[in-house]
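First, one chain by itself in structure tokens, the form predicted alone.
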Amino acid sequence: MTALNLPFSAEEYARRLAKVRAAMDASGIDVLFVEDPSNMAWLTGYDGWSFYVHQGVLVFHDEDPVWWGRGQDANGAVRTVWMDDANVVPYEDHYVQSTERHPMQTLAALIRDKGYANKRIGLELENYYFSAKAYLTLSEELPDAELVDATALVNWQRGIKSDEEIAFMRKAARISEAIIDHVVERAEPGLKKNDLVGEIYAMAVRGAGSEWGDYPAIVPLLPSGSDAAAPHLTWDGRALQPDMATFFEISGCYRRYHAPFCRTVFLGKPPAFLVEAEKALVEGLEAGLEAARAGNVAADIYAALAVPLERAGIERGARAGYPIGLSYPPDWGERTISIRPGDNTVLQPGMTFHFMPGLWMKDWGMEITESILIRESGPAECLCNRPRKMFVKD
């Protein structure tokens, strides 16, 4: 069965595979096992909620990749990957969550059958989806192989987005804008957070205009008041309160591509310190956008952001952004570059970031962020187009 609804052209998948093979060659890797679902999708088109079981893609230098995973998920693979059905290799269901056998035993057998039992095999070791047991099993089953760390090898190839990818991210940005517009309109004292989150999810899935929405890799985050000092709290059944700030961290998602977008809403008259923080944060954001130019480095964005914040007496301990694009839970970042001091990665046209200089102080917090695209010339483009401010509703 040939996948009928591939998100990208055959030329786009060929371009990606060539980049990964070149990186494998540079690292002396004979075969690469990719288990990160974002990397699997980027290379093959595979899209399914199956990353809670062992699965992956084998990438070779001289033949098409092989999708390997649970038998029932092979039905999804033949419907979503660009490779031939023969390149979809399932394992039986009695391997799933078994204490007597492990799926990696079948992967090792596949690798042996392909002639790579004594070769250098790259593994994404620092990854949410690859367990210590998986590594130990492969080590036991392939004693003559050299298992090498290939963490983020594919991730780094994803950094510069193609025109096709950027088009998807623009669609995700339209959904992000619609969600934030709705949040600002609906937020009022007495509105229960879980009800508002229900509306956020409805808008995220309905999409914007004629474009449908996918599920984002991170759930909505919306802490209020002193809870906003903690950046990763979700929601509960409590109502929004007057004289309190709430930041909303959300992202529209289109065919797994994200455009994270954060804004803060204050219900009432904000205190002077919060107004001053908003002013410094917006100034820092705009300085960072000016520094986000091709040829500069990631640390330059952070340095520009820091000047007005430090002038206002605000010290941040966290990084201020990361690359974005195609992602699955639990994270919409690409886990490569960080916008922080010391990261001297050169910015190149086509790179996309969540410029995320959230303020999380001892007993308050504020988020005003932008998803940005590095352009051929000039400062970065913001994928979303909404006022860069704290929204105040008296």
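When you see a residue number, it is the position in the sequence shown, counting from 1. As the structure is a prediction and not an experimental result, all values here were calculated from the model.
Below: the form predicted together with a further copy of the same chain, not depicted.
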Though a further copy of the same chain is not shown, can you say which of I314, I218, L267, I166 has a heavy atom within 4.5 Å of it in the predicted complex?
I218
Which of S162, Q241, Q105, N194 has a heavy atom within 4.5 Å of a further copy of the same chain in the predicted complex?
N194
Check, residue by residue, if A299, E376 and V392 all come within 4.5 Å of a further copy of the same chain in the predicted complex, counting heavy atoms only.
no
Interface membership of E63, a further copy of the same chain in the predicted complex, 4.5 Å heavy atom rule
no
When the contact criterion is heavy atoms within 4.5 Å, does P330 count as touching a further copy of the same chain in the predicted complex?
yes
Answer yes if any heavy atom of F130 is within 4.5 Å of a heavy atom of a further copy of the same chain in the predicted complex; otherwise answer no.
yes
Indicate whether a further copy of the same chain has at least one heavy atom within 4.5 Å of a heavy atom of Y201 in the predicted complex.
yes
Out of 290 to 298, 258 to 266, 275 to 283, 221 to 229, where are the residues with a heavy atom within 4.5 Å of a further copy of the same chain in the predicted complex?
221 to 229
Heavy atom within 4.5 Å of a further copy of the same chain in the predicted complex - qualifying residues of 38 to 60
D47, G48, W49, S50, F51, Y52, H54
